[in-house]
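We begin with a single chain expressed as C-alpha cells, specifically the form predicted on its own.
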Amino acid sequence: MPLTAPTLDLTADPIELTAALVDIPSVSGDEAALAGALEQALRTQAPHLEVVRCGDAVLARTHLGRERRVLLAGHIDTVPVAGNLPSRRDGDLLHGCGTSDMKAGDAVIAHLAATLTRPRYDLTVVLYDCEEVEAARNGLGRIERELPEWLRADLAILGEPTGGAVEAGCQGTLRAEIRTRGRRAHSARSWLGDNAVHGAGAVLARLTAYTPREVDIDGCGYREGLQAVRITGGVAGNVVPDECVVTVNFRFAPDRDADAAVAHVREVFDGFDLAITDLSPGALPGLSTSAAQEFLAATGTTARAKYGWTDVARFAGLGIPALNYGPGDPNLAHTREEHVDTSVISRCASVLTRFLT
C-alpha cells in the first residue's frame, strides 16, 4: 500500500464516490493507489468488516451468522486512459475513464459495504485487479488460488455495466486459428505457386453460410456467433503466399461446455488445419436459486441474457449462481466518450440496498 493513499469517503453519495474513484487512475497492472485508498477507507470507516489485501485486490466481509451469504464483486482496473481524465460532470452524466466499466459499480459496492452494518445476508465484497487483460493475471484467479474461502457464497452479483438491468449468465468464448497452406512463387510466375490466401476463401465461405444457433435458457435468449476476426498471410508484394491464417471467434451459449464448443468449431471447419488458441466456458443463468429470485424481485425486472464473457463464469465454475448488475452502459465501455448516467447509479444503489436489507 502506498505511504499516502488518496482519501476516499465511502459514506458519500455513490455518485460523488464514483467521481473520486475515477480520478484515481488504475489502468490494468497499476491499481496499487486505488487499492490502497479502498483498503484504508474500509479499515477506518467500516469497523464491522474483516478486511484483507491480496495483491492489488481488496476484500471485506461480515460475520453475522446469517443463513446465506451474498458476494458483491467488481474490478477496479480500467483500459488505458484516452484523454478522458479527470472526471467531469455534465448534467446527469459523469464522464471519465472507467465511469461505466466499472467504477460506478465499484462505488455502489464500496458504499454498501461501509454503510450496511446489519444486512439480512452476510456480505462479502471483492474489489479486484487486472480484469481487462489476459485471464492469467485476473485478480479473481489469484484470490481463488490463495484465499478460496473468500469466494464462498450463495449468490454472486458482479457490478459489470448493464444499464441497471439484470443480465444472467454469460456466453462462452473460443478463438481458433485456421491455416491454409500453399506454395511460394514469384507473383510474375504465379502459375508455379499455390496461393494460400486464395485457399482461405473456402474458410470464409463456410463462415458466410453459417447460421448461428439461438437457445432459450431459463427465459433468457442467447444467440451464438461465429466470426472471422483476423486474417494474415503473405510475406512480400511480389510473392505468392504459402500460408494464410484466419482467426475465428466463437461466442457460444452457456448450455455448451468447453468440449462441446471445441467439437462444434472443429465440425464446422472439418478438413482444415485448426488450432484452439483461447477458450473460456460460459455461465448458466442460475436463476432458479431462492437468492437469485429474491434479487430479481427486488429489481422488479426480468433477467436477460448476457452477451459477452464476464467473471460470472468463474463463480459458475465454483458452483455459485452469479448475475451481472451495474449502473454503467456496456456500449460505452473502453471508449473515449465513456460516461455514466448518475440517475442509474442512484437506482442501482437503492435496489441493492433494498435487496440486502
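All of these numbers come straight from a predicted model, not from anything done at the bench. All residue numbers are counted from 1 along the displayed sequence. The term rigid core refers to the maximal set of C-alpha atoms that superpose within 1.5 Å between the two forms.
The discussion below concerns the form predicted in complex with another copy of the chain, not included here.
Worksheet entry | residue 141, heavy atom within 4.5 angstroms of another copy of the chain in the model of the complex | Residue 141: no, not in contact with another copy of the chain in the model of the complex.
Item to complete: Considering only heavy atoms, tell me if residue 169 and another copy of the chain come within 4.5 Å of each other in the model of the complex.
Response: So residue 169 does not count as contacting another copy of the chain.
Discussion item. Since only the chain is shown here, I'm wondering whether residue 200 would be in contact with another copy of the chain in the model of the complex (any heavy atom pair within 4.5 Å).
Written reply: So residue 200 counts as contacting another copy of the chain.
Worksheet item: Any chance residue 275 has a heavy atom within 4.5 Å of another copy of the chain in the model of the complex?
Response: No.
Worksheet item: Taking 204, 229 and 308 as a possible spot, do all three reach another copy of the chain in the model of the complex with a heavy atom inside 4.5 Å?
Response: All three within 4.5 Å in the model of the complex.
Item to complete: Select from the listed residues 152, 186, 181, 118 the one whose heavy atoms reach within 4.5 Å of another copy of the chain in the model of the complex.
Response: Exactly one listed residue reaches within 4.5 Å, namely 186.
Worksheet item: in the model of the complex, which of the stretches 238-246, 100-108, 124-132, 86-94 has residues with heavy atoms within 4.5 Å of another copy of the chain?
Response: Of the options, only 238-246 has residues within 4.5 Å of the partner.
Worksheet item: Fitting the rigid core first, would the Cα of residue 279 be found 2 Å or more away between this form and the one not shown?
Response: Moves: no, less than 2 Å.
Worksheet item: Does superposing the core leave residue 215 with a CA shift of 2 Å or more between this form and the one not shown?
Response: Comparing forms between this form and the one not shown, the residue 215 CA shifts below 2 Å.
Worksheet item: After the core is overlaid between this form and the one not shown, has the C-alpha of residue 239 moved by 2 angstroms or more?
Response: Result for residue 239: yes, a 2 Å-plus shift.
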